[in-house]
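One chain is shown next in structure tokens, namely the form predicted alone.
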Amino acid sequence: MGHIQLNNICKSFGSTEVLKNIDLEIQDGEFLILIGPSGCGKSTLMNLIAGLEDITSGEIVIGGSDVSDKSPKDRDIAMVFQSYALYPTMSVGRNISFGLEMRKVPKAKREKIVAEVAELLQINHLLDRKPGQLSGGQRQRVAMGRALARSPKAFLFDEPLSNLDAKLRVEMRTEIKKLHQRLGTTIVYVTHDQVEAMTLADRIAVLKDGVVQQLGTPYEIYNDPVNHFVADFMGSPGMNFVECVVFNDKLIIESASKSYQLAVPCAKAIKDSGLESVLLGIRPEMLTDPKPYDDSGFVQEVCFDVEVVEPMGADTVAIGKWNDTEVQVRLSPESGEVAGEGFTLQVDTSKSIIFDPRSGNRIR
């Protein structure tokens, strides 16, 4: 069973507290991603699960057994590193089977496992080559194959795709997702790439300064962030944040030298907060080309001056300003908008999110 329980995990290096009271439960067969900016503690947490670092306090339980004081070899987990960590003088087949040799697995069984893993990862034709003769993507498959050969309770991936070029990263991301769907094994995966997190994870844990800010599905993290940090960190292009004056339960924006009043879903909560100004968070996809009439009360048209246009293929990102703050909007590629010109923008605030501009806390 690949169930992993982290209970009140703390980790300090000297007087520096890196992880603070981490409580996480990772279900058997779940794909959990740890994400956050550099220095947030995600790789340290991965190393604690693997046993490569000792916890300062707390408890790590894997498959029902407390492994807090056990060495890495006794935890029945396999780790795939960013650097691949392959033996350069060994063939691909030997790299995959070496861990099995160390465990005294009979040769016939080793060969069978290597053949099965190579078939799964489509690297049969590479078994006699050395790592130096492989591309980055092929090396990553071999590193994954070495981990798979052990049939562990859980796999730990530490930024495994960061050394690959953009196109290969997308391809390998798909392969990892297919692999998880086939095997159903527990995976804990560290990345700083929020697109990787959104596309791969069953659940995402967003970390900042050694604290889990939010744990939820990709949908929850993207559409219902608990604070300004999570909302800002997740999404590409990122969420727009505009400080707005509150007036009669609506928010005032200035766009193209005109003032507009925007209705938002949490008007009562804004009024109850007593704040004179709030931070409006709205995703670029909620700012689009005008569409057929919508009577929900949260959709209106606003004049918008375009300062920069960025064609992205499937859509176009245009950049302008509200309240002297840069705002990104998503347009259809056929919109034909060009920099330096104004146009009418449809604004849908039905999924907008409001934050306290001082604390960054969500107003609900």
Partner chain sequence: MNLKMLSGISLGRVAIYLILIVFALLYLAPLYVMLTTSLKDIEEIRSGNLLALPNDPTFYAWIKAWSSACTGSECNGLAPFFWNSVKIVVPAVLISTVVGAFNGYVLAKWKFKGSELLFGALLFGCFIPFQVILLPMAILLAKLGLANTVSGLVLVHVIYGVAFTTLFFRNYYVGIPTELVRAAQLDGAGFLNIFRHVFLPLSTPIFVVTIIWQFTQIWNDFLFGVVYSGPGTQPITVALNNLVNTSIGGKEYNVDMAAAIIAALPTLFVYVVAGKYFVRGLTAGAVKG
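Everything numeric in this text was worked out from a predicted model, so none of it was measured. Numbering follows the first chain given and starts at 1.
Although not depicted, the form predicted together with the partner chain is the subject of the following passage.
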Within 4.5 Å of the partner chain in the predicted bound form, do we find a heavy atom from each of N7, Q213 and N223? no
Report yes if any heavy atom of R150 sits within 4.5 Å of a heavy atom of the partner chain in the predicted bound form; otherwise report no. yes
4.5 Å heavy atom contact, R203 to the partner chain in the predicted bound form: no
Taking 4.5 angstroms as the cut-off for heavy atoms, does I55 touch the partner chain in the predicted bound form? no
Can any non-hydrogen atom of I77 be found within 4.5 angstroms of the partner chain in the predicted bound form? yes
Heavy atom within 4.5 Å of the partner chain in the predicted bound form, from candidates T89, S162, S277, T174, belongs to T89
Since exactly one of G281, G137, G99, G235 fits, which has a heavy atom within 4.5 Å of the partner chain in the predicted bound form? G99
Only one of these stretches, 257-265, 235-243, 215-223, 91-99, has heavy atoms within 4.5 Å of the partner chain in the predicted bound form; which one is it? 91-99
